[in-house]
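Only one chain comes next, encoded as structure tokens, the form predicted on its own.
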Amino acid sequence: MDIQKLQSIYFSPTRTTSTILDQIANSLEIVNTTKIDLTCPQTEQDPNQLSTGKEELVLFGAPVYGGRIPPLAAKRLSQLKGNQTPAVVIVVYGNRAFEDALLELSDLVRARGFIPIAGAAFIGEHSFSTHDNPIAKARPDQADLNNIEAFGEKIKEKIMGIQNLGAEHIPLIPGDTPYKELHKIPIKPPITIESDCTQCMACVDACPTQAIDKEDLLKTDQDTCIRCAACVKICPENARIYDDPKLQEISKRLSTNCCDRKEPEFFL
């Protein structure tokens, strides 16, 4: 199979998923590469840029929220149009479990005209990780980067062995159908500490749903916010914080119950 172009298409509020896809892209050593960041709301306005051809390889990446890919990511990914385009599907989870997320992503891109030839579940620092309750702290680490390199090599080997791409090249990916039920995270959105805020607007730019009022950074729409922690992670002054005791409970439980290191899993 002759691959002329590589596209990375991802939803990555805290940039962990995009970082992993960048590393995979580098390992594939394909010169002509592009990126489409579906985290930005503006992407929804121009679906025409999201078409791909047969001589491209597309890396799809999304985080795992409660064992599923985020509904907003699924919505934006549904704009894509493939033409029997080979793809690699990647999910990133915070050391708990990826459950049905990778299967869901694979099914979604297949329905849009892509043929997944490989899949992987990688571990990244959990969005709810804190100093007191670390969850997969500082991951992906060097060992993960080594695994990413190995995954890239396996993808290259598989591509070289494919003459005529078809459904027989789709790997068996774990997960259940119907997918597990989605539940709204039972915590309040992050708040802004007014005395620490410098009005830099980084949180507004990082928010995938535009839930933060750009005229009043103290206001966050409870219904629109998806609790992705993008604003918390990006704030240079640490002025965006989770102030809900329930978040502390969840963070502590995850830190305690998900402390054993999990390793990436590959499906080829």
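The numbering used is simple: start at 1 and walk along the sequence shown. Here the structure is a predicted model, which means the values were calculated and not measured.
Same protein, other form: the form predicted in complex with a small molecule, not shown, and the subject of what follows.
Heavy atoms of Asn95 reach within 4.5 Å of the small molecule in the predicted complex, making it an interface residue. Remark: Gly66 counts among the residues lining the small molecule in the predicted complex, judged by a heavy atom distance of 4.5 Å or less.
Shown alone here, Thr14 lies within 4.5 Å of the small molecule in the predicted complex, counting heavy atoms only. The small molecule in the predicted complex comes within 4.5 Å of no heavy atom belonging to Pro190. In plain terms, the part of the chain that comes close to the small molecule in the predicted complex, with a heavy atom within 4.5 Å, is 124-132 out of 190-198, 73-81, 124-132, 149-157. Of the residues given (Leu38, Ala206, Cys235, Ile226), Ile226 alone sits with a heavy atom within 4.5 Å of the small molecule in the predicted complex. Out of the listed residues Leu182, Ile185, Leu145, Leu165, Ile185 is the one that sits within 4.5 Å of the small molecule in the predicted complex by at least one heavy atom.
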